[in-house]
Ligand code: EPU
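This document opens with one chain alone, in structure tokens, the form predicted on its own.
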């Protein structure tokens, strides 16, 4: 047996969790660093599989990157010498597609494979391709090789409006805009806090990026050069995982550091569910069990709504709720890989049909009227959970399955630990500090 967790559940988890840096900021700041002159030093970078894979990828392109301290990374892109991302690296992580920006900046053309990562939906990049073309990038896809060939002749300029907001698209077009001699405007953008952190990072090093309501304006700027070390924000997804686990297990866990603005919608829903929530300071929170959990229906949406990455963890809390609850997924069309796995614990959970009058506008993915979707689940809480053997299908589902095993009586096996570790730093160590019984084999 390899790449698995052995977990013995049924104990309340108690203690403290120190959050790692946000995966979705770490990856983007590393890629953007390749557009800088000289060294770039980033703090709070988590040693997760996605980061480690990305480091190997940019090193294969000629850049240098190494950890100076546990979570302090130094990067230098001055030595970039290769404009083709090898398939063995690029297919592992979806963020590899964003290397188009630094490679175009350095070489004027590049070859990048169709992006990899978790299969939580089709995650079409047509919106991103349209945006690249609108700003002046010539791009073609070779179906035989699986590569995009991108070329830039003139400096990017103009504007593009996303039909539906795209997190990755907003960040990539913003990075393309850094090459402009005039101005680039991107409308109907994604408004996630991770994007704000990326803007803060770029502006602190010479960029001139303005955010106005639902629009980003990238103005001409001199070369990017880091003036001071940048510390990325904490991972709000990690907080939700441990907070829901703490309450569901009947425990008491303090979590820090995190800015309240990043988790306000989550805190509100937790209180409605009857979970104990105490704000110890602006950056430290206590989550604890204080009586029966109330069932709460949620639907996912972009920030400041209930984040799609949170819903698998919410399902874990609802397993302990006193009654039925519903989760409606609006952002991705394949986010419920954990449902059949949780049934192995004895969980009362299943798909239900919910009629949506205007699915094209209601859902954030490209809805196909000729396809059948399963976007809603119903959970009836308070079932007695027993041990099981489970298989992780994607990152956040993996965290939910591991947490489910920590709630279940007996010893469970969770296969596919490396998928969970794409986004969670020292998961085993942190759970053990809370009193959980877990080991990796």
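Numbering follows the first chain given and starts at 1. Just so you know, these numbers come straight off a predicted model, no measurement behind them.
Form predicted together with the ligand: not shown, discussed below.
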Problem set entry | in the predicted bound form, segment of 389 to 397, 63 to 71, 409 to 417, 41 to 49 with a heavy atom within 4.5 Å of the ligand | 389 to 397
Exercise. Looking at the ligand in the predicted bound form, do all three of 37, 199 and 231 come within 4.5 Å of it through at least one heavy atom?
Worked result: no
Exercise. Hey, in the predicted bound form, does residue 168 get a heavy atom within 4.5 angstroms of the ligand?
Worked result: yes
For this session: Considering only heavy atoms, tell me if residue 178 and the ligand come within 4.5 Å of each other in the predicted bound form.
Result: no
For this session: Give a yes/no on whether residue 366 approaches the ligand to within 4.5 Å in the predicted bound form, heavy atoms considered.
Result: yes
Problem set entry | in the predicted bound form, residue 192 touching the ligand (heavy atom, 4.5 Å) | yes
Problem set entry | Residue among 110, 253, 128, 349 with a heavy atom within 4.5 Å of the ligand in the predicted bound form | 128
Exercise. In the predicted bound form, which of the listed residues (328, 344, 183, 94) lies with a heavy atom within 4.5 Å of the ligand?
Worked result: 94
Exercise. Relative to the ligand in the predicted bound form, which residues of 275 to 312 have a heavy atom no more than 4.5 Å away?
Worked result: 307, 308, 309
